[in-house]
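In structure tokens, one chain follows: the form predicted alone.
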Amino acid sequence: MNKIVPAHNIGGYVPMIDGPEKVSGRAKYTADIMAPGMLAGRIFRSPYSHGEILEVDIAAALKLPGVKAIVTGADCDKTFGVLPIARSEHPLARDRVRYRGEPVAAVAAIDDTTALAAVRLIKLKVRELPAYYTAKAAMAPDAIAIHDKKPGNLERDVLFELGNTAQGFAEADLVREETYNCAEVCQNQMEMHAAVADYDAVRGRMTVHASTQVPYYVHLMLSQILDMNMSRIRVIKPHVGGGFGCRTETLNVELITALLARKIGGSVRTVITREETFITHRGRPETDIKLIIGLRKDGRITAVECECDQRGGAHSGYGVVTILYSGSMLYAIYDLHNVKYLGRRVLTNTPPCGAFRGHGTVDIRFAFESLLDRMAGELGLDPFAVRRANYLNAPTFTDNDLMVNSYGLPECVDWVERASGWKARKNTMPKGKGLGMACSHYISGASKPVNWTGEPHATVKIKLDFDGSVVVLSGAAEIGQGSSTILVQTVAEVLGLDLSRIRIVTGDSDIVPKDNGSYSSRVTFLVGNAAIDAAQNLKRVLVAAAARKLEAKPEDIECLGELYRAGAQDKGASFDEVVVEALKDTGTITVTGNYSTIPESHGGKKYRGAAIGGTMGYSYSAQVVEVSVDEETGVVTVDKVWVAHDCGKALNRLTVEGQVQGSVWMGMGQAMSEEVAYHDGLMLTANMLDYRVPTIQDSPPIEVGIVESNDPHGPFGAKEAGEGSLAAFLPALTNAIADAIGIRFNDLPVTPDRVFEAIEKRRRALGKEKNSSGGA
């Protein structure tokens, strides 16, 4: 049996391999790509929320000197979308506009100034139609359909009941119902959306550089929209300045730029503004939740009923998946047996929402953990005790067939309780200070790919050549989360080599194998396993070569990374010598590694909402948040956060800690300040002043505890680390505020004006109570 001596590439603090380029400014993003003769693209957007298009007048714009091409909806009758069952969106509106800011026409000109001037000359005539800006308005009986095939403006409705909720509520000692509202939020990543398209008219080939999380989806949609064979399209993903879900979908920017490039037979570069990036959106939908929980005196949950309405915007995007996730992910964190879920994804005349970090789970988890905390208080139970009373026992399948193989939630809960000093400090805090806790979880890659092709879920190739360098070829999109570093680490670990031996090439469809993309925290789990498989296949080739060189049996070869030997007394052969031997008969060596998820269901349960499928592993998180509330101003200050995250195995502790802290920080934004606001369909918060994200000045100390449950299917035991901790912050914050001032907030964000208003309302109520009882 071959022995591998680890190079200790796993489990330490490893700097990200693309760090030097990013901190030095050498990293090239899509907007940095410029070349002589490249035209500037600009988009004309609808000033109407909803209307039948009567005319798009481009005559004056076409006459402007320097304008080379204009495209409208007439140039493309194909639709696109991330889901095969929900492709209703045109790159440029045809027949109807459905939200303010929807692309209607686009200009390619010699420079941006000219392109912008041309856009301002375009005229749109419409017959205005009724517009609906809330889910309630869109579902009204007299509302007209925003899309012809979607009666009632329901993109998707889901209803399931597993178990018997009526019986479960009858067995409870306490049943409580609450309603919650979570505002629509936007990713607001640093890099604005951009695309560069070059059409080679002689060869009939299209090359597109795009800021994307899934180059494969861009490739697929370009083929569909342009009606071109995929073999004639090349997609390149440069460095990406943040994704957080919005760049999972192919965006209209990439498709419009390609349409312009083909029309002029050359190159077009489109970089949209911050406002346009907001309008392109694909953020988390506004969500209204009605939640009922039944609880026994010992803290056991007996039944759950959840009703969820999501304002999805004018087009589906990830809507079908989002509303399914919101129901299915009620499970896999606690031991639930009587659950009823009603979910409605509603079409409205607002920009389309999509997948946002913690996709589908965040708002529901806020409601669940908030109500659970309130009920624990009513029963006189400690919030930690209630969570402990409802643990799962892994490995197990939940009632909705989700497979849980590793479960580090108990260790997470123990860690934050201990680290925060909960037992000693709870109920002893000064006036205006409070502690709150909550738990959350998330998936490690979806078991069912969005666009099913029958191929492995992940493929990695490794190339070894005369120079002794090992080159990893992967289509997985590095978007700042550190996935490329993880893949290099896994390959180096299997081969027992130093990281400096390994290089990685990603993001070019002409070179790397197709990958399903960076979404649902799939890369570490799925692509990491494929990288391990590829590295093991390469190791077998090298061991066989070493055996030939050392005149030994392959099973007797000891692999020490830079040294291969046949026995303890054998001087062995260096890695470079073994490489020369391996290349003798074949030349360059290329090996392939694959990974596909195992069947995720043991019983194959069928119910509405089951289509989401499962995942190979779930991460778990627990948080304690400490706050101070100024009752004179309503300002809430987060003093400190303790967060524990079960990532299975921390392959890179540096990136795990960074991802967990980033999740907490993003959760803080949604909980305290971020909110997409509209006036008659016009987005009012489409800038960095009106849409307030937390700054470093707002950020509290975040203490991270890494819990390692070592998942049996994860690469070296790893699971996801970048999303699962986000959702717990929201309820932990509001639970802490309730502890500090005795007021619970069911609507997010909890802004100072809302806190102040609630405090004033209580003061007035107390005043009336005193007056009515004869008090002074």
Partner chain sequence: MARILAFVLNDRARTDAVPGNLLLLDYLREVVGLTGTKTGCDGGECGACTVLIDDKPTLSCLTLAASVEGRRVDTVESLGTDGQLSAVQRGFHEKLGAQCGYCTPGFIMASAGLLRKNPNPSEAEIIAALGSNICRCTGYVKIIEAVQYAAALRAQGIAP
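In this text the structure is predicted, and so the values were computed from the model without any measurement. Positions refer to the first chain, counted from 1.
This next part talks about the form predicted in complex with the partner chain, which is not shown.
Undergrad: Can you check 322-330, 335-343, 650-658, 128-136 and let me know which stretch has heavy atoms within 4.5 Å of the partner chain in the predicted complex?
TA: Partner-contacting stretch among the options: 650-658.
Undergrad: Is there a heavy atom of residue 752 no more than 4.5 Å from a heavy atom of the partner chain in the predicted complex?
TA: Taking the distances in the predicted complex, the answer for residue 752 is no, it never comes within 4.5 Å of the partner chain.
Undergrad: I'd like to know whether residue 15 contacts the partner chain in the predicted complex, with contact meaning heavy atoms within 4.5 angstroms.
TA: Yes, residue 15 sits close enough to the partner chain in the predicted complex that at least one of its heavy atoms falls within 4.5 Å.
Undergrad: How about residue 662: is it within 4.5 Å of the partner chain in the predicted complex, going by heavy atoms?
TA: Taking the distances in the predicted complex, the answer for residue 662 is yes, it comes within 4.5 Å of the partner chain.
Undergrad: Is there any non-hydrogen atom of residue 519 lying within 4.5 Å of the partner chain in the predicted complex?
TA: Residue 519: no contact with the partner chain in the predicted complex.
Undergrad: Which residue, 163, 561, 700, 152, has a heavy atom that falls within 4.5 Å of the partner chain in the predicted complex?
TA: For this set of options, the contacting one is 700.
Undergrad: Of 504, 192, 403, 76, which residue is found within 4.5 angstroms of the partner chain in the predicted complex when only non-hydrogen atoms are counted?
TA: Contact with the partner chain in the predicted complex is made by 192 alone.
Undergrad: In the predicted complex, which residues of 253-275 put a heavy atom within 4.5 Å of the partner chain?
TA: Those in contact are 269, 273, 274, 275.
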